[in-house]
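Just the one chain here, laid out as structure tokens, in the form predicted alone.
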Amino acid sequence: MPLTSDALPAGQPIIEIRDLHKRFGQQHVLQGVSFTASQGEVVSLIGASGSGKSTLLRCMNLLEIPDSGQIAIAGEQIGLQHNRKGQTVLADLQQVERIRNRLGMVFQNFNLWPHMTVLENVIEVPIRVQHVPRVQAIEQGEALLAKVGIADKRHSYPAFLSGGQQQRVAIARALATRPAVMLFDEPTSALDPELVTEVLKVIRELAEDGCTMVLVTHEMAFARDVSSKVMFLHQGRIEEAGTPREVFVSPSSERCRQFINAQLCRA
């Protein structure tokens, strides 16, 4: 399902972010963010609201265009250039489609198509964008719905599902494009507490399967358990980064320590 390691030169990261900057008007949301992730790593982004976590994800899949810096996904660097107004724009729109096909994105609020059944939501992009034969797309879609534990709802419409079920459909839909990297933007924040566990269980299983992931989350215990790398963002910068043990047990940043303690106390 994810990109195999054979598709990349030995030792080359599957994600490379270098000196990324993003402004919204006078607000400098990302201020020189850099990190790499290797095949099969799970990178969790933590930090207070407004620290730049979601903006970083949206820049990675080109929902937002960074003002400067470099992004490479699966060895391909995203081309950026300046227009006549000095604004940063994408240099190659065909490249955008390639990059987005390599990235599966799961949002906070599911974003399912309400007029389509669960199965139709999952198979739409493989058929329409990737030109997968319908019979093959249905077979793969049903397998993915089984994987996320919701195969019995394949003919239901999103309005008849719980929030946790809808989010599991959204995960299956993102996986249906066979992405190299999965991006999760606070996938449990819109869920009632009793539904959080079922979604986190699916994400944990993906991590155990070797899926490369970048995860924005406020679920500190989950991030500590499943992550290969944790990054604490503060005011648009990576203030702390390391293994879960380094970040959660012995952070060098006092702001990071305070944030983690406050989050764990609420849990």
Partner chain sequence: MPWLQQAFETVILEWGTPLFEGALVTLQISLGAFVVGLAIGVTVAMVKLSGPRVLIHLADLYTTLCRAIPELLLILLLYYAGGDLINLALAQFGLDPAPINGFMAAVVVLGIVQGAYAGEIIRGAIQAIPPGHIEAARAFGCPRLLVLRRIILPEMLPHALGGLSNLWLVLIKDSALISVVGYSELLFTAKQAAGSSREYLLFYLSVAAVYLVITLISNLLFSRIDRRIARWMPAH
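Positions refer to the first chain, counted from 1. Keep in mind that what you see is a predicted model, and the values were worked out from it rather than measured.
The same protein has a further form, the form predicted together with the partner chain, not shown here; the description that follows concerns it.
- Interface membership of residue 97, defined by any non-hydrogen atom within 4.5 Å of the partner chain in the predicted bound form, is confirmed.
- By the criterion of a heavy atom within 4.5 Å, residue 135 is excluded from the residues contacting the partner chain in the predicted bound form.
- Put simply, residue 39 is far from the partner chain in the predicted bound form: not one heavy atom of it is within 4.5 Å.
- Looking at residue 189, you'd find every heavy atom of it more than 4.5 angstroms from the partner chain in the predicted bound form.
- In short, of 204-212, 220-228, 23-31, 55-63 it is 55-63 that has heavy atoms within 4.5 Å of the partner chain in the predicted bound form.
- The candidate site formed by 93, 113 and 128 is fully in contact with the partner chain in the predicted bound form, as each residue has a non-hydrogen atom within 4.5 angstroms of it.
- Scanning 162, 101, 197, 77 against the partner chain in the predicted bound form with a 4.5 Å heavy atom cut-off leaves one residue, 101.
- Contact residues in stretch 151-187 (any heavy atom within 4.5 Å of the partner chain, taken in the predicted bound form) are 157, 159, 160, 173, 174, 177.
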